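The chain below stands alone and is given in structure tokens; this is the form predicted on its own.
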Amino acid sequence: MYRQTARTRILDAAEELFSGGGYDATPTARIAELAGVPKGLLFHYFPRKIDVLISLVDERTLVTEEEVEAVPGDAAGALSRLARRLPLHASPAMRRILFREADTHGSVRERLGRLNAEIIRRARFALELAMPGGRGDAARLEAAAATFAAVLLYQESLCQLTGHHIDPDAVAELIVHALG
């Protein structure tokens, strides 16, 4: 039977607690307790509480390298495919942590900024591939890509708060129509 390492259990516990009550409201003793490890072991792996947060964000918000699929003339389809194969792999709990803690922790804000920039880059690339000769100048394509990235990143948080899900296919159609 596979047993998780103590470090993994600590990160799992921190993810659960930080997403529920926030970083500042979570004592390290509670993380250690939920992980089933002595508090000293937590500090062996993570000398400071902030190190737990930084490790969570760096290790559990991954951007995968996948090719952008685009067919000339099908910009909405290219954005829809990008949304379905969103290069950001993070649990709903990690996304809550990213958005909650970005205001007060520079390392989290930087990570969120890098993730956003990567999604914008891929959306812009998909639009450029799908719209040869570009219907719109570079600034409009950048704005369209940034809008699409914002919807992809924020939709899960909005859904969590409001219960309203935004259809990325409809957003893709709307963005391409606006570029048209």
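Every value quoted in this text rests on a predicted model; they were computed, and no experiment measured them. Residues carry their position along the shown sequence, with the first being 1.
If you look for the form predicted together with a further copy of the same chain, you will not find it shown, but the lines that follow are about it.
This chain is drawn without a further copy of the same chain; in the model of the complex, the residue among Leu41, Ala146, Leu62, Ile50 with a heavy atom within 4.5 Å of it is Ala146. Though a further copy of the same chain is absent from this view, in the model of the complex it lies within 4.5 Å of a heavy atom of just one residue from Ile54, Ala150, Leu129, Leu34, which is Ala150.
A residue is said to contact a partner when one of its heavy atoms sits within 4.5 Å of a partner heavy atom; Thr28 fails this definition for a further copy of the same chain in the model of the complex, lying far away. a further copy of the same chain in the model of the complex is approached by Leu174, whose closest heavy atom lies within 4.5 angstroms of it.
For Val68, no non-hydrogen atom is located within 4.5 Å of a further copy of the same chain in the model of the complex, even though that partner is not displayed. In the model of the complex, a further copy of the same chain stays beyond 4.5 Å of every heavy atom belonging to Arg85.
Although a further copy of the same chain is not shown here, in the model of the complex the stretch 100-129 places heavy atoms of Arg100, Ala102, Asp103, Arg109, Leu112, Gly113, Asn116, Ile120 within 4.5 Å of it, in sequence order.
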